[in-house]
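This document contains two forms of one protein chain, each encoded as structure tokens and listed individually as structure 1 and structure 2.
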Structure 1
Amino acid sequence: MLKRYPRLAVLFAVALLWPGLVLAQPKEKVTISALPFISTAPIFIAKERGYFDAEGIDLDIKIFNAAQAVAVAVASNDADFGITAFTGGFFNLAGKGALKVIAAQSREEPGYNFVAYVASKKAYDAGFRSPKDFAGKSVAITTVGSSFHYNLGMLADKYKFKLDSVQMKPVQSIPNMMAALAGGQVDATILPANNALKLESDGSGKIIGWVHEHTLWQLGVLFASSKIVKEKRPLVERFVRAYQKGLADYAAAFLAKDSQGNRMIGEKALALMPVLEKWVQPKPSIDTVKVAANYMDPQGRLLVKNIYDQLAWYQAQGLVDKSVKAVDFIDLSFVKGHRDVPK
């Protein structure tokens, strides 16, 4: 029969193969710029577990070593998406209209140690025991306009001391901050958990408080180039879906707590270790992950008002142009249920 009806045979074959052809449709190539930190874990997880593939996205992760570079890569359209912490530079770039914030990354959440205030041994012995007492102290930060700078700004607002009375010492990098504190050249610094704990165990510094005990805020975000948000909205939606799956896995593995409120690192976390070992620099151990795995909203919901506040603070400091408006660079439509959305 097939011999007699060759056309039918072809049709038959096509019908049989059709679903395969659909599946074989080339996936869309998408690039994200990111830092090789645990805070990027949801992206790594979603990539390794095939969540992006399932959304028809062939994701290329470009690793940078500074938050600034991550944002610049997206602004210059070298990457379609980026995921990193807010800085003054980020807001200035966003103000140029090149970026759109679309979902949350890290934030300070009660009960999750993430960033610590660390006093030098000497300052601690001299009675510097609380983040309320930063006035008159010298503090090592990475750069002017960094998240560490903003941390101090929030403290100053909350505890009513003058930010001017804190001597800020920009030393460019976290290792330099640690060296400046250990060498007794500054009274205090602000460090991520693993660095802070290392200083404390070396005996060269004392943790005098955690940021989440004093101020809650949105540290990092997932953002996209304005171009891709405007021209390929469905692609961005698919991307965010995959990211949320990664976030959910991350939260289940690393953010769970037992009945006493202690964090549990269990089977699910161990199962994700190979992914982190592949992508995170320097190579993490389960112990470092236990300390460094920071809180992220499991659905990627933003603390929207805080972003407005951050921008206003940077603008008040003269670090961000007055013409920048938060509403212009935040797109709330990709994730449902954002928190504290200003009216």
Structure 2
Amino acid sequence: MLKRYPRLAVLFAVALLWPGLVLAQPKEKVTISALPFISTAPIFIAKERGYFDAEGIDLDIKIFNAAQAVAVAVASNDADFGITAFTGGFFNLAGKGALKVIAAQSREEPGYNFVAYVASKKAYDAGFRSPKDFAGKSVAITTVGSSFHYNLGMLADKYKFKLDSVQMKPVQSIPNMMAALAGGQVDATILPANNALKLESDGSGKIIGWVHEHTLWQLGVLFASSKIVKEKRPLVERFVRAYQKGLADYAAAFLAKDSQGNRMIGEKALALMPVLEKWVQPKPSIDTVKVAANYMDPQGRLLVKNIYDQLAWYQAQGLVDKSVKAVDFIDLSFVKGHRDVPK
């Protein structure tokens, strides 16, 4: 047959020598739900630098304005992966078998600004100058059970004030939280650094502290639908490899410090600024990034016991069913060397 069709013979020979040239596989379409924050930067970097393409993944990024919506998108199969902070809703969905935690995202680490406590100008002028003084204040959060709710819970535990003395006002999204503070509807809010700095530069608010100065924790994670972990494990492995390359680039560009503890923002950071400017909202400047680039483990390793502790806190508040167990929704097999793993 090949003698009768010489062109087919040539193609066959080429395929044997360079199979990728002739038998290239189409990239697999994958969707991730995320927030437009610097903490999502490793995903943005990996996409823009072609790391997902190199793993045979055509990645679509769906942007949301609250962490709970990110988790719901994965649980409802509108997205294959998600990357965001833990919430009570996340734990409930994971407890029902919908989600699997597979790698770390952001965490509160000493010396790296990430989430800020922000007082309104009026409250600040009236003497609200410390996160220790949240009792009796009104605070805009996204939703009950959000990471912002947990931030306040950790503060209450540390500084011995009653959490129910804080008037939490759920407004559903980060932009609404910013608007509530700017409009004088609340005394304070808790925001990612880029958003907090925007309010401060506008004169609408005043940063009165950073979470890492008071409470340390594993804030965010990369997770996947349980279905894709079960049915397409090789795809998840490829996805994590691309993500880790983005993490490594992010760490090299934004997390290095000199002997005095000052950030070393150089050419690598400047080279990545177009990626952040494209994806992050509000659009960050290099000066903002020097302050607001949060810590993420360069390999995606989790602080595992801290996740157990978070789950226990949400359960104690009656926000997550007591039957939910962290061991059932954390998959430690995709990344090596996770930290503080319970025995």
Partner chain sequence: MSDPAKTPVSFRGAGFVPGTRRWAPWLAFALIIACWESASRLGWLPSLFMPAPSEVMNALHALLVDGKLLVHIGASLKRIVSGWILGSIAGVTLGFLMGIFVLARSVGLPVVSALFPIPKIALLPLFILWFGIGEPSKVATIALGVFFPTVVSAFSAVDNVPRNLIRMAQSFGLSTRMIVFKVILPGAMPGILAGFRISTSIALILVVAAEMIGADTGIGAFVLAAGNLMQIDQLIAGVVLLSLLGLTVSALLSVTEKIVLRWR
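What we label the rigid core is the largest C-alpha set whose atoms superpose within 1.5 Å from one form to the other. Only a predicted model underlies this, so the values are computations on that prediction, with no experimental measurement involved. Residues are numbered by position in structure 1's sequence, first residue being 1.
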Chain form predicted together with its partner chain: structure number out of two = 1
After the core is overlaid between structure 1 and structure 2, has the C-alpha of Ala196 moved by 2 angstroms or more?
-> yes
Threshold 2 Å Cα movement between structure 1 and structure 2 for Val229, core superposed = no
CA of Leu219, rigid core aligned, shift of 2 Å or more between structure 1 and structure 2 | no
Upon rigid core superposition, what is the positional shift of the Cα of Asn151 between structure 1 and structure 2, expressed in Å to one decimal?
-> 2.7
With both forms put on the same core, how far apart in Å are the CA positions of Ile208 between structure 1 and structure 2?
-> 5.7
